[in-house]
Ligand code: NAD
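What follows is a single chain, given as structure tokens, in the form predicted on its own.
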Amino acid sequence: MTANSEKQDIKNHWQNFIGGAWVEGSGGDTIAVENPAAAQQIATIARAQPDDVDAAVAAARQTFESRELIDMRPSVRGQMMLDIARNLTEMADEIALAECLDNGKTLAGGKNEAMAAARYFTYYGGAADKLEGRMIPLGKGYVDYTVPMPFGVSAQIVPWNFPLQIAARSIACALATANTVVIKSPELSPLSMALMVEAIERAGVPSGAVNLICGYGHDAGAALAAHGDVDHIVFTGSVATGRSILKAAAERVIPCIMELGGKSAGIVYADADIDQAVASTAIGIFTHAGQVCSAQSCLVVHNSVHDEVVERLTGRARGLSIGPGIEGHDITPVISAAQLDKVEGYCLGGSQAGAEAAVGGRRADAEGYFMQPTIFTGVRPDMAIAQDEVFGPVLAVLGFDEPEEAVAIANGTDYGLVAGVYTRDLETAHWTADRLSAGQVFVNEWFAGGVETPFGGTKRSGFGREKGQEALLNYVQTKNVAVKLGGGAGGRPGG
């Protein structure tokens, strides 16, 4: 399929969704949407600016204050979310093409995104009528109970690497708990989120409950994070941007869920199943060209098996095809020219610092934004490629002799999102998992877990949890109701 025929398969122009209507930006400007596999524009989308943020927040506030979601029977709210899931499933092929063309994924990967998004609405739709308060015994003459109540307007800012799936998990939690939403799609990859909102609209979600804007971070994103009528913020992205959002949130003292990326290491012990460790590592670092917050970007290998592991990984990397996702290649493009420059810059820096590229290390000689699958050996823990989130198909391999050394290397970054252990010994697996500073630890399979398992970071990887039942607790606050039965004074002030 040529770039020109690809362009004809999707709409040429897309809009924002505010107050139940598809609208242009207030300033009349648009943002060009590019196919990273061809370095060509494929569409435009209306550009949201601060005035549009105001309109979206006002729509969300009006719907929240109307209590339409709050007063809706939770089982009905859940059924509405199941309808969203069904719509997403029916639209999976259309969504897959959008993910392929504006994000670089394969068609299979794009369809997986659609099905994962549907799964979030199914999972949290089933939970909508199961979020309960509790009774607190105070003795004769009193009835006391708690109510989990929504925060109000949830502002959600989504990154470009997995926009559909990340948006789905936070919107689903918000709707299940009767919050309303203003969500900003990433300007680099906004199309699948627009299709998801079409699925939401078709399900009959109240107007204003979900509002979608696409804009740049410096104006639309900043305006949304700092908006005085927002009650709650969900952000996935860089530490630097997260820090700015937290400063804005601190001015208004509102809660945040922050997922700020990672530099995640897998530890390969001498007794590990090498075939399994190599296959899992390749998936962990080369999936979506390494543009995954929880990518396995470091491998800490026992020195007794170091050379064998590197040899097998290098052979696997050399066998990967590089090219457009629509053609089903293994290594698909990074999102933009700027991202390609950044990833290649880290590789050049790694070589200059003394690491050796066993394979790759430079951009691919191809149309579009492609990086060679890269494996560095001779890496020291203090090197940038072992410390920083490269966000590309670049693996840093480090050796170790003692378990304590391996854990120290894995924990020796500012991040703590996920980590991994490869071993046949159950005691070793638990000993290591207990000592790793990470919100999620994978044992013998990178990306184990699923929608049902809590996901979030420690240290500079952020706080709060997405996914699983635990995520719902980040979207509600507890209200206590204490009732004195009959007459008479009583009670003691507190707080």
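Each residue number is its position in the shown sequence, starting from 1. Treat the numbers as computed from the prediction; the structure is a model and nothing was measured.
Below: the form predicted in complex with this ligand, not depicted.
- Just one listed stretch, out of 276 to 284, 212 to 220, 371 to 379, 102 to 110, contacts this ligand in the predicted complex at the 4.5 Å heavy atom level, and that stretch is 212 to 220.
- The listed set Gly420, Pro333, Gly262, Pro393 contains one residue whose heavy atoms approach this ligand in the predicted complex to within 4.5 Å, identified as Gly262.
- Interface residue among Gly361, Pro150, Gly399, Pro159 relative to this ligand in the predicted complex, by the heavy atom within 4.5 Å criterion: Pro159.
- Among heavy atoms of Gly325, none comes within 4.5 Å of this ligand in the predicted complex.
- Within this chain, Ser244 lines the site of this ligand in the predicted complex, having a heavy atom no more than 4.5 Å away.
- In the predicted complex, this ligand sits within 4.5 Å of a heavy atom of Glu187.
- Proximity of Tyr120 to this ligand in the predicted complex falls outside the 4.5 Å heavy atom cutoff.
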